[in-house]
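Next up: a single chain in structure tokens, the form predicted on its own.
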Amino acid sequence: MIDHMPEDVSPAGRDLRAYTDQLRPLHPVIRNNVGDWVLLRHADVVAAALDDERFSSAVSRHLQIPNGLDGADHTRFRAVIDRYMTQDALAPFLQKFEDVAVQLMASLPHGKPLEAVGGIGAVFAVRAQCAWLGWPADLEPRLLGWMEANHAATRSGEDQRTAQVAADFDSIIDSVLAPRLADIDAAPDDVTTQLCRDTVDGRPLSRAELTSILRNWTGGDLGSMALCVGVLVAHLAGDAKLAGHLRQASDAEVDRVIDEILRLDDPFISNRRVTTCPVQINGREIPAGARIKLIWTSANRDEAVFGENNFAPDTNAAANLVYGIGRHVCPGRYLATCQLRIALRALLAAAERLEFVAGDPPEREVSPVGGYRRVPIMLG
């Protein structure tokens, strides 16, 4: 273990992928400027993610379902959530996602600059999630505005701004929940209403529980989907051969390629844990009650597992941690995979070429946000 740490290990203002690539070979476990213990290597991240007893997910003072639950509580609520995420449950929505994607891509200009994260990814994410949940289309401007404000607040690291955007999003959720809960019998038969009628332990879900679940399905997923689209578009704009190949590839192959691109540039930056007892990780003694950050972006680029990080979808699939691992693996993996594949296929069908804009290169996001802030492209 290297004892001499950099004086400033704060990731603030840095491209976290590049920064962790520098740190990981010499400093697999670091303690950052705010006292968090940060795990950068694949083996350490996997070990902590699989050890529910020593690494608790109950890290927030706010209700977070299912991310912030442990043990039997997590199992009960995860059973509710997983019912909405199966292939059978999502099958009726795949055509709706395709309709959203085809309509959006057909509306994009050709031969003129456009921005892939906000102009393609964010719009598709909002429309697809609203189609799934049964949310009204007129929420789109409000949701798009919130996504932009949320990323800005996250970048700032200011607690007051973060709290305000969280409150703003809860008010959006309340605008959807309130009329349904006021007269559930007259509510539209959609996924949000089904959730309002659902139960855990034989009782109805509370309003706070409903809000937390819907916040997880939307507040977290909308921004992540937009960032994923930006990463995919940036990669394919730089690899015309791969883009051409994907036009003829099977769904399974497209899914593997998407997962590998996101492994190389994972916008799902991290998850948090807290130690329930003293632990030793990679030679570092860490006390009970310590805040732990599992950096998926770094683990997914660990040279000990992925060598020189060459693009190899089949070879790297088994160790890919884009959606996490263990009991807390992302419940929406299948949903996200379907939506990303559908969006990518529609974009490639609508354009013969994806090209970067001369003189306006992609702009990386900075910690704690991953991927790209802007990906200016033109469709040919």
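The model shown is predicted, which means the values in this text are computed figures rather than measured ones. In case it trips you up, residue 1 is the first one in the sequence shown, and so on.
There is another form of this protein, the form predicted in complex with a small molecule, and it is not shown here; the text below is about that form.
Novice: In the predicted complex, do Trp135, Ala187 and Thr192 all put a heavy atom within 4.5 Å of the small molecule?
Specialist: Per the other structure, none of Trp135, Ala187 and Thr192 touch the small molecule.
Novice: Counting only non-hydrogen atoms, which stretch in 109 to 117, 249 to 257, 145 to 153, 266 to 274 is within 4.5 Å of the small molecule in the predicted complex?
Specialist: It is 266 to 274 that comes within 4.5 Å of the partner.
Novice: Taking the small molecule as it sits in the predicted complex, is Thr211 in contact with it (heavy atom to heavy atom, 4.5 Å or less)?
Specialist: The answer is no: Thr211 has no heavy atom within 4.5 Å of the small molecule.
Novice: Might His42 be said to contact the small molecule in the predicted complex, defining contact as any heavy atom within 4.5 Å?
Specialist: Outside the cut-off, so no.
Novice: Heavy atom to heavy atom, is Phe311 within 4.5 Å of the small molecule in the predicted complex?
Specialist: Contact with the small molecule, no.
Novice: Can any non-hydrogen atom of Leu347 be found within 4.5 angstroms of the small molecule in the predicted complex?
Specialist: No, Leu347 stays farther than 4.5 Å from the small molecule in the predicted complex.
Novice: Find the only residue in Met225, Ile281, Ile261, Ala237 having a heavy atom within 4.5 Å of the small molecule in the predicted complex.
Specialist: Filtering the options by heavy-atom distance leaves Met225.
Novice: Could you spot which one of Val38, Leu340, Leu354, Val46 gets a heavy atom to within 4.5 Å of the small molecule in the predicted complex?
Specialist: Partner contact (heavy atom, 4.5 Å) among the options: Leu340.
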